[in-house]
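Shown below, as C-alpha coordinates, is a lone chain in the form predicted alone; questions about how it binds or moves come after it.
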Amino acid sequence: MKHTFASDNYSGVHPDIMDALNKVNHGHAGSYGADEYTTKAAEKFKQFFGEHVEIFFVYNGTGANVLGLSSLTQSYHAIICSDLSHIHVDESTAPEKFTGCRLMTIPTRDGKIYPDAIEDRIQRIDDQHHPQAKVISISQSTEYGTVYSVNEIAAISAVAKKHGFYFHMDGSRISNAAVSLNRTFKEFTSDVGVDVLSFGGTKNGMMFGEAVIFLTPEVAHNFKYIRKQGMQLHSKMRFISCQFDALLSNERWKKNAVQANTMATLLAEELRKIPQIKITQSVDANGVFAIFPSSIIPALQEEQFFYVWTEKTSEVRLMCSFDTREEEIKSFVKRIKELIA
(Lines give C-alpha, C1' and ligand atoms only; values in the text may rest on other atoms or scores of the structure.)
Protein backbone atom coordinates (compact mmCIF):
# COMPACT_ATOMS: atom_id res chain seq x y z
CA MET A 1 0.00 0.00 0.00
CA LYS A 2 1.31 3.42 -0.96
CA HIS A 3 2.34 5.82 1.80
CA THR A 4 0.25 8.96 2.19
CA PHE A 5 0.51 12.19 4.15
CA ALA A 6 -3.22 12.29 4.76
CA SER A 7 -3.32 11.39 8.46
CA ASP A 8 -1.51 9.47 11.16
CA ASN A 9 -4.77 7.49 11.28
CA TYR A 10 -3.84 6.06 7.87
CA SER A 11 -0.80 4.28 9.29
CA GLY A 12 -0.81 0.64 10.27
CA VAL A 13 -0.19 -0.94 13.65
CA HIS A 14 3.28 -0.97 15.11
CA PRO A 15 4.75 -4.51 15.20
CA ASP A 16 5.26 -4.37 18.99
CA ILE A 17 1.58 -3.60 19.46
CA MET A 18 0.45 -6.22 16.98
CA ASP A 19 2.59 -8.70 18.88
CA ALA A 20 0.88 -7.68 22.12
CA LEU A 21 -2.54 -8.26 20.53
CA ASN A 22 -1.49 -11.71 19.38
CA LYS A 23 -0.15 -12.63 22.81
CA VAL A 24 -3.45 -11.92 24.58
CA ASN A 25 -5.46 -13.67 21.88
CA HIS A 26 -5.50 -17.05 23.56
CA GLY A 27 -7.57 -18.61 26.26
CA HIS A 28 -10.20 -16.73 28.21
CA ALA A 29 -9.97 -13.57 30.31
CA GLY A 30 -12.44 -11.56 32.33
CA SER A 31 -14.64 -9.18 30.36
CA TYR A 32 -15.34 -5.45 30.67
CA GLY A 33 -11.95 -4.75 32.24
CA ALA A 34 -11.93 -7.53 34.83
CA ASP A 35 -8.68 -8.93 33.46
CA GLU A 36 -5.00 -8.79 34.36
CA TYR A 37 -4.05 -6.89 31.19
CA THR A 38 -6.34 -3.97 31.98
CA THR A 39 -5.02 -3.83 35.54
CA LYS A 40 -1.46 -3.84 34.23
CA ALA A 41 -2.13 -1.06 31.71
CA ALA A 42 -3.80 1.10 34.37
CA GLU A 43 -0.75 0.66 36.59
CA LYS A 44 1.47 1.77 33.70
CA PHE A 45 -0.54 4.97 33.36
CA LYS A 46 -0.21 5.60 37.09
CA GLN A 47 3.57 5.41 36.71
CA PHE A 48 3.33 8.35 34.30
CA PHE A 49 0.59 10.40 35.98
CA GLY A 50 0.52 9.41 39.65
CA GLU A 51 -1.18 6.83 41.82
CA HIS A 52 -4.22 9.01 42.41
CA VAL A 53 -5.51 9.06 38.81
CA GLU A 54 -8.48 7.10 37.47
CA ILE A 55 -8.15 5.46 34.04
CA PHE A 56 -10.92 4.28 31.72
CA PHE A 57 -10.42 2.70 28.31
CA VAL A 58 -12.73 3.46 25.38
CA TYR A 59 -12.93 2.62 21.68
CA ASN A 60 -12.02 5.90 20.00
CA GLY A 61 -11.08 9.55 20.30
CA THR A 62 -14.57 10.91 19.79
CA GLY A 63 -15.81 8.75 22.64
CA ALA A 64 -12.91 9.77 24.86
CA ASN A 65 -13.50 13.48 24.31
CA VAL A 66 -17.27 13.49 24.37
CA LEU A 67 -17.66 11.27 27.41
CA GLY A 68 -14.86 12.99 29.29
CA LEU A 69 -16.60 16.31 28.72
CA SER A 70 -19.95 14.76 29.67
CA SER A 71 -18.56 13.86 33.06
CA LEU A 72 -17.77 17.53 33.70
CA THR A 73 -20.96 19.20 32.52
CA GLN A 74 -24.70 19.52 32.65
CA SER A 75 -26.69 20.26 29.50
CA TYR A 76 -27.06 23.95 30.37
CA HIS A 77 -23.28 24.42 30.41
CA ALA A 78 -20.92 25.67 27.71
CA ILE A 79 -17.44 24.47 26.72
CA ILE A 80 -14.87 27.08 25.70
CA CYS A 81 -12.52 25.91 22.95
CA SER A 82 -10.65 27.02 19.84
CA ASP A 83 -12.61 27.35 16.61
CA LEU A 84 -10.05 24.89 15.20
CA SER A 85 -10.28 22.44 18.08
CA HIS A 86 -10.93 18.82 17.24
CA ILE A 87 -14.18 18.79 19.21
CA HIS A 88 -15.43 21.68 17.06
CA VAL A 89 -13.98 20.86 13.64
CA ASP A 90 -13.81 17.08 13.45
CA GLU A 91 -16.25 15.53 15.94
CA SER A 92 -19.31 16.47 13.86
CA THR A 93 -22.15 17.26 16.29
CA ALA A 94 -21.26 14.50 18.76
CA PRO A 95 -20.17 16.89 21.55
CA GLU A 96 -23.41 18.87 21.36
CA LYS A 97 -25.60 15.78 21.04
CA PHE A 98 -24.16 13.85 23.97
CA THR A 99 -23.26 16.69 26.34
CA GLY A 100 -26.16 18.98 25.42
CA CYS A 101 -23.68 21.83 25.83
CA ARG A 102 -22.86 24.72 23.56
CA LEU A 103 -19.33 24.97 22.20
CA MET A 104 -18.20 28.56 22.70
CA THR A 105 -15.37 28.96 20.21
CA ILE A 106 -12.49 31.41 20.10
CA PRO A 107 -10.99 32.41 16.72
CA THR A 108 -7.34 31.43 16.40
CA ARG A 109 -4.53 31.78 13.88
CA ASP A 110 -2.29 29.06 15.30
CA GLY A 111 -4.76 26.58 16.80
CA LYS A 112 -4.19 27.84 20.35
CA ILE A 113 -6.35 29.86 22.70
CA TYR A 114 -4.96 32.37 25.18
CA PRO A 115 -6.07 33.69 28.59
CA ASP A 116 -7.22 37.16 27.46
CA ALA A 117 -9.44 35.71 24.73
CA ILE A 118 -10.82 33.12 27.14
CA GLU A 119 -11.71 35.84 29.64
CA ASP A 120 -13.56 37.70 26.88
CA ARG A 121 -15.76 34.62 26.29
CA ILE A 122 -16.71 34.29 29.96
CA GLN A 123 -19.85 36.38 30.08
CA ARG A 124 -23.25 36.53 31.80
CA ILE A 125 -22.36 34.10 34.56
CA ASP A 126 -25.45 33.17 36.62
CA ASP A 127 -27.71 34.58 33.88
CA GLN A 128 -30.46 32.04 33.31
CA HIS A 129 -30.86 33.20 29.69
CA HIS A 130 -27.27 32.35 28.77
CA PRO A 131 -25.33 29.05 28.61
CA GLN A 132 -23.04 28.79 31.61
CA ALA A 133 -19.39 28.26 30.77
CA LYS A 134 -18.01 25.34 32.79
CA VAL A 135 -15.11 23.77 30.91
CA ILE A 136 -12.08 25.03 28.99
CA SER A 137 -10.90 22.46 26.45
CA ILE A 138 -7.64 22.52 24.49
CA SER A 139 -6.02 20.15 21.99
CA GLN A 140 -2.39 19.17 22.61
CA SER A 141 -0.96 19.17 20.01
CA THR A 142 -3.44 21.43 18.23
CA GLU A 143 -5.24 20.79 14.97
CA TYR A 144 -2.68 23.10 13.36
CA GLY A 145 0.20 20.96 14.60
CA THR A 146 1.32 23.54 17.13
CA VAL A 147 2.12 22.67 20.73
CA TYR A 148 1.20 24.56 23.89
CA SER A 149 4.15 25.28 26.17
CA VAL A 150 3.94 24.31 29.83
CA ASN A 151 3.61 27.99 30.75
CA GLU A 152 0.78 28.49 28.25
CA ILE A 153 -1.13 25.56 29.72
CA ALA A 154 -0.52 26.82 33.25
CA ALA A 155 -1.87 30.26 32.28
CA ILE A 156 -5.07 28.72 30.90
CA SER A 157 -5.38 26.58 34.01
CA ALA A 158 -5.17 29.72 36.14
CA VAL A 159 -8.16 31.17 34.29
CA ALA A 160 -10.10 27.93 34.78
CA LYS A 161 -9.37 27.81 38.50
CA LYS A 162 -10.18 31.52 38.92
CA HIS A 163 -13.69 30.94 37.58
CA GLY A 164 -14.30 27.48 39.06
CA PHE A 165 -14.15 25.78 35.65
CA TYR A 166 -12.83 22.36 34.73
CA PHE A 167 -9.86 22.05 32.39
CA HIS A 168 -9.98 19.36 29.68
CA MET A 169 -7.20 18.34 27.31
CA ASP A 170 -7.73 16.48 24.05
CA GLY A 171 -4.49 14.52 23.80
CA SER A 172 -5.05 12.52 20.64
CA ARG A 173 -1.45 13.43 19.72
CA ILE A 174 -0.16 13.89 23.25
CA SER A 175 2.93 11.74 22.66
CA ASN A 176 4.00 14.02 19.81
CA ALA A 177 3.51 17.01 22.11
CA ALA A 178 5.57 15.42 24.90
CA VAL A 179 8.44 14.79 22.49
CA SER A 180 8.20 18.33 21.13
CA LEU A 181 8.31 19.81 24.64
CA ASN A 182 10.86 17.31 25.94
CA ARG A 183 8.71 17.05 29.07
CA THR A 184 7.02 14.22 30.91
CA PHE A 185 3.28 13.83 30.42
CA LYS A 186 2.68 14.82 34.02
CA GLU A 187 4.59 18.08 33.71
CA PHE A 188 2.17 19.57 31.20
CA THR A 189 -1.06 17.96 32.44
CA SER A 190 -1.70 17.24 36.11
CA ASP A 191 1.18 19.39 37.35
CA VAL A 192 -0.39 22.46 35.73
CA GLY A 193 -4.01 21.78 36.60
CA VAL A 194 -5.55 19.70 33.81
CA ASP A 195 -8.53 17.82 35.24
CA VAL A 196 -9.43 15.33 32.49
CA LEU A 197 -7.25 14.07 29.65
CA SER A 198 -8.02 12.08 26.52
CA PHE A 199 -4.86 10.05 25.92
CA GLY A 200 -4.53 9.01 22.29
CA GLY A 201 -3.05 5.76 21.07
CA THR A 202 -4.52 5.21 17.60
CA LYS A 203 -2.51 8.01 15.98
CA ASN A 204 0.70 6.70 17.52
CA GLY A 205 0.77 3.08 16.40
CA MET A 206 -2.20 1.39 18.04
CA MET A 207 -4.97 -0.43 16.18
CA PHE A 208 -7.81 1.08 18.20
CA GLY A 209 -8.53 2.40 21.65
CA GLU A 210 -8.04 5.58 23.68
CA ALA A 211 -7.91 6.31 27.40
CA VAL A 212 -9.80 8.83 29.51
CA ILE A 213 -7.60 9.82 32.45
CA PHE A 214 -9.11 11.65 35.38
CA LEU A 215 -6.25 13.65 36.87
CA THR A 216 -8.78 15.08 39.32
CA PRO A 217 -10.23 11.73 40.40
CA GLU A 218 -13.28 13.00 42.27
CA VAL A 219 -14.94 13.98 38.98
CA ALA A 220 -14.74 10.34 37.81
CA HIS A 221 -17.27 8.92 40.26
CA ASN A 222 -20.06 8.46 37.66
CA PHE A 223 -17.91 7.84 34.62
CA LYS A 224 -18.42 4.08 34.52
CA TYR A 225 -22.12 4.73 33.94
CA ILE A 226 -21.44 7.47 31.40
CA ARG A 227 -19.08 5.16 29.47
CA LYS A 228 -21.69 2.40 29.33
CA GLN A 229 -24.45 4.81 28.33
CA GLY A 230 -22.16 6.23 25.64
CA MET A 231 -21.59 2.75 24.13
CA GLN A 232 -17.83 2.89 24.76
CA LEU A 233 -17.49 -0.01 27.23
CA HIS A 234 -15.53 -2.67 25.36
CA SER A 235 -16.40 -6.21 26.42
CA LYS A 236 -13.05 -7.76 25.48
CA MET A 237 -11.16 -4.85 27.00
CA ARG A 238 -7.87 -6.69 27.12
CA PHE A 239 -7.49 -5.96 23.41
CA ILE A 240 -7.39 -2.23 24.16
CA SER A 241 -5.41 -2.38 27.39
CA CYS A 242 -2.70 -4.70 26.09
CA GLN A 243 -1.98 -2.17 23.35
CA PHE A 244 -1.51 0.61 25.89
CA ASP A 245 0.72 -1.64 27.96
CA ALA A 246 2.93 -2.17 24.91
CA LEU A 247 2.82 1.50 23.89
CA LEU A 248 3.89 2.65 27.36
CA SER A 249 6.64 0.02 27.67
CA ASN A 250 10.23 0.47 26.57
CA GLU A 251 9.46 4.06 25.52
CA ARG A 252 7.57 2.78 22.47
CA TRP A 253 5.26 5.81 22.66
CA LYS A 254 8.29 8.08 22.55
CA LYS A 255 10.12 6.28 19.76
CA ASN A 256 7.02 6.37 17.57
CA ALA A 257 6.44 10.06 18.23
CA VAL A 258 10.09 10.97 17.69
CA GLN A 259 10.01 9.33 14.27
CA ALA A 260 6.80 11.13 13.26
CA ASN A 261 8.00 14.52 14.53
CA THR A 262 11.44 14.14 12.95
CA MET A 263 9.93 13.32 9.59
CA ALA A 264 7.61 16.35 9.78
CA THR A 265 10.62 18.57 10.49
CA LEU A 266 12.46 17.09 7.53
CA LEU A 267 9.45 17.52 5.27
CA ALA A 268 9.12 21.18 6.26
CA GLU A 269 12.83 21.76 5.65
CA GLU A 270 12.56 20.31 2.14
CA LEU A 271 9.40 22.26 1.31
CA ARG A 272 10.98 25.53 2.43
CA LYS A 273 13.52 25.09 -0.37
CA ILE A 274 10.73 25.42 -2.94
CA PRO A 275 9.94 29.13 -3.55
CA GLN A 276 6.35 28.43 -4.67
CA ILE A 277 5.46 26.83 -1.31
CA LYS A 278 4.85 28.68 1.95
CA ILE A 279 4.82 26.97 5.37
CA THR A 280 1.96 28.56 7.32
CA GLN A 281 2.41 27.23 10.87
CA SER A 282 5.16 26.39 13.28
CA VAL A 283 6.08 22.72 12.80
CA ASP A 284 6.07 21.67 16.45
CA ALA A 285 4.90 18.07 16.19
CA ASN A 286 4.09 15.73 13.30
CA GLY A 287 2.03 18.00 11.04
CA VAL A 288 3.07 20.41 8.30
CA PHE A 289 0.69 23.06 6.99
CA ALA A 290 1.62 24.80 3.77
CA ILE A 291 0.19 26.72 0.86
CA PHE A 292 0.72 24.85 -2.41
CA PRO A 293 0.17 26.03 -5.98
CA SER A 294 -3.43 24.99 -6.57
CA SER A 295 -2.60 23.63 -10.03
CA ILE A 296 -0.45 20.78 -8.70
CA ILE A 297 -2.71 19.58 -5.88
CA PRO A 298 -5.04 17.17 -7.77
CA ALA A 299 -2.22 15.33 -9.53
CA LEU A 300 -0.18 15.16 -6.34
CA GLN A 301 -3.13 13.82 -4.34
CA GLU A 302 -3.61 10.99 -6.83
CA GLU A 303 -0.10 9.74 -6.09
CA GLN A 304 0.32 10.45 -2.35
CA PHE A 305 -2.95 11.55 -0.86
CA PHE A 306 -3.27 14.44 1.60
CA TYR A 307 -6.05 16.82 2.62
CA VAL A 308 -6.63 20.40 1.58
CA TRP A 309 -7.14 22.24 4.86
CA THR A 310 -8.28 25.62 3.50
CA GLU A 311 -9.64 25.50 -0.03
CA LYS A 312 -9.70 29.26 -0.50
CA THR A 313 -5.94 29.61 -0.03
CA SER A 314 -4.86 26.10 -1.12
CA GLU A 315 -3.44 25.45 2.32
CA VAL A 316 -2.78 21.73 2.75
CA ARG A 317 -2.17 19.50 5.74
CA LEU A 318 0.61 16.92 5.60
CA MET A 319 0.78 14.45 8.48
CA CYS A 320 3.71 12.20 9.30
CA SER A 321 3.38 8.93 11.21
CA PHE A 322 5.54 6.54 13.18
CA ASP A 323 6.15 4.63 9.95
CA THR A 324 7.01 7.60 7.70
CA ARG A 325 10.47 7.22 6.20
CA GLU A 326 12.94 9.69 4.72
CA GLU A 327 12.80 8.16 1.27
CA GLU A 328 9.03 8.74 1.13
CA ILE A 329 9.54 12.40 1.88
CA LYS A 330 12.27 12.71 -0.74
CA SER A 331 10.01 11.06 -3.32
CA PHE A 332 7.10 13.35 -2.43
CA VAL A 333 9.21 16.51 -2.64
CA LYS A 334 10.75 15.38 -5.92
CA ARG A 335 7.31 14.92 -7.42
CA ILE A 336 6.24 18.38 -6.23
CA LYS A 337 9.25 19.89 -8.02
CA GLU A 338 8.42 17.98 -11.19
CA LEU A 339 4.81 19.18 -11.20
CA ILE A 340 5.80 22.77 -10.56
CA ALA A 341 8.39 22.65 -13.34
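All residue numbers are counted from 1 along the displayed sequence. These figures come from a predicted structure and were not determined experimentally.
Omitted from view is the form predicted together with another copy of the chain, to which the following refers.
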{"query": "Answer option from 90, 187, 269, 110, heavy atom within 4.5 Å of another copy of the chain in the model of the complex", "finding": "90"}
{"query": "Options 156 to 164, 67 to 75, 187 to 195, 135 to 143; stretch whose heavy atom lies within 4.5 Å of another copy of the chain in the model of the complex", "finding": "67 to 75"}
{"query": "Close approach of residue 39 to another copy of the chain in the model of the complex, 4.5 Å, heavy atom", "finding": "no"}
{"query": "4.5 Å heavy atom contact, residue 238 and another copy of the chain in the model of the complex", "finding": "yes"}
{"query": "Residue 334, heavy atom within 4.5 angstroms of another copy of the chain in the model of the complex", "finding": "no"}
{"query": "Another copy of the chain contact in the model of the complex: residue 29, any heavy atom under 4.5 Å", "finding": "yes"}
{"query": "Within 4.5 Å of another copy of the chain in the model of the complex: residues from 96 to 134 (heavy atom criterion)", "finding": "96, 97, 98, 100, 101, 102, 103, 120, 124, 126, 127, 128, 129, 130, 131, 132"}
